[in-house]
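Consider the single chain below, provided in structure tokens and representing the form predicted on its own.
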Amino acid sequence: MGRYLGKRSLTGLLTVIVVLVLNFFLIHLAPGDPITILAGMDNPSQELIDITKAKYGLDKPIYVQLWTYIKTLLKGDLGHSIIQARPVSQLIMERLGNTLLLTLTSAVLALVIGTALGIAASRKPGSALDNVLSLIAYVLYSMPGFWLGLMLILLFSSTLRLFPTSGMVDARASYTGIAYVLDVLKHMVLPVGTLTLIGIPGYFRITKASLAQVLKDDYNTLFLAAGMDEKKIFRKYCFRNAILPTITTFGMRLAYVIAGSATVEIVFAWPGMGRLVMSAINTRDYPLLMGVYLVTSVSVAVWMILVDIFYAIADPRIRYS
């Protein structure tokens, strides 16, 4: 197991390095640059543009810029945002907690609800319950997250006036203590509901398909013939075998939890990583983009390793030598 984890860690490190280099070239070779945006469109001073580019090293060859960035990164410094003139690590840490609060909550809810509905449908295949749940899952699966978010805003905010339309807190109220927590929870309802609803169909379909396949295995008939309780067979054998694909899906969703809700965050004006990424893209803020993509790639690598470890724990048949 230790040798396997060592190999996977090395593979993850190499993946992060490759992604870092590719992102650096793609970002810098894309049209536009932050200095031109800073200079503005109305009679920009070419002399000022040249001086500013020299200040940030953008006048040097791209391979020199890459080497400079790597040396800075090895010191534990993600650089400074060109547009916001603040450390990239500081900007990321300010938004990271907000995004994790939103995405982790919705990911867990989608996992629990989707898996439970998949189990209910698989126990009675072809029934009215199965057909209704499958229809709802297909409808939700076809809905774009931003569109569903807008519909929830129109219904529950504009029409029923039950929840706020945007933001994380009510800036005019200045709540503290438990009142602040309740205010955040109230603002979370619609964005979390949106992410949960679009996440449920994936877990539902995977759980249902896995259980349908496992329930057809010969050992189920053997255990029933031996007089074993059907609920015990399902809980101890069928469910544990069928849950592995769901674990993989959940791990992959968590890997992209940092930047996987950008559109929903924008719709609800949630102050998270998604809005930070979109702002950096629009302004071509190279250091900020590189910092966000680096954190995302490290997150993916780490979560993939954790999923493999959990696989071995969940299924004793899996051993890594």
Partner chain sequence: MSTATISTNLTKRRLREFAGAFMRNRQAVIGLSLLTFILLVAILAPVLAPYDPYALIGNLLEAPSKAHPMGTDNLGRDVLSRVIYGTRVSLLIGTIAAALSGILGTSIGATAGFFGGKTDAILSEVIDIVLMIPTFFLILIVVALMGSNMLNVMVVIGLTSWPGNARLMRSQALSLRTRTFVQAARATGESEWRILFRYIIPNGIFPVVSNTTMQVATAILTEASLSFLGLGDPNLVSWGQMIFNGRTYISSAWWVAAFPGIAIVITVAAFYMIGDGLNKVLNPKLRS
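If you superpose the two forms and keep the largest set of C-alpha atoms that fall within 1.5 Å, you have the rigid core. Positions refer to the first chain, counted from 1. Keep in mind the model is a prediction, meaning the values are calculated, not measured.
Here the subject shifts to the form predicted together with its partner chain, a form of this protein not shown in this document.
*Asks:* Can all three of 14, 141 and 301 be found with a heavy atom no more than 4.5 Å from its partner chain in the predicted complex?
*Replies:* Heavy-atom distance to its partner chain in the predicted complex: all three under 4.5 Å.
*Asks:* Using a 4.5 Å heavy atom cut-off, which stretch among 111-119, 180-188, 97-105, 213-221 contacts its partner chain in the predicted complex?
*Replies:* Residues of 213-221 come within 4.5 Å of the partner.
*Asks:* I'd like to check something about residue 7: if you look in the predicted complex, is any of its heavy atoms closer than or equal to 4.5 Å to a heavy atom of its partner chain?
*Replies:* Result yes; residue 7 sits at the interface with its partner chain in the predicted complex.
*Asks:* Does its partner chain come within 4.5 Å of any heavy atom of residue 65 in the predicted complex?
*Replies:* Residue 65: no contact with its partner chain in the predicted complex.
*Asks:* Evaluate residue 147 for contact with its partner chain in the predicted complex, applying a 4.5 angstroms cut-off between non-hydrogen atoms, and reply yes or no.
*Replies:* Contact check for residue 147: yes, within 4.5 Å of its partner chain in the predicted complex.
*Asks:* Can residue 158 be called a contact residue for its partner chain in the predicted complex at 4.5 Å between heavy atoms?
*Replies:* Heavy-atom contact with its partner chain at 4.5 Å: present for residue 158.
*Asks:* Which listed residue (173, 154, 162, 93) meets the criterion of a heavy atom within 4.5 Å of its partner chain in the predicted complex?
*Replies:* Answer to the contact question: 154.
*Asks:* Among 70, 26, 54, 48, which has at least one heavy atom within 4.5 Å of its partner chain in the predicted complex?
*Replies:* Going through each option in turn, the one that passes is 26.
*Asks:* Using a 4.5 Å cut-off on heavy atoms, what residues in 263-284 are near its partner chain in the predicted complex?
*Replies:* Residues within 4.5 Å: 263, 266, 267, 277, 278, 281.
*Asks:* Once the two forms are fit on the core, has residue 266 moved its CA by at least 2 Å between the shown form and the other one?
*Replies:* Stays below the 2 Å threshold, so no.
*Asks:* Hey, does residue 22 budge by 2 Å or more at the Cα between the shown form and the other one once the core is superposed?
*Replies:* No; residue 22 is a residue whose C-alpha shifts by less than 2 Å between the shown form and the other one when the cores are overlaid.
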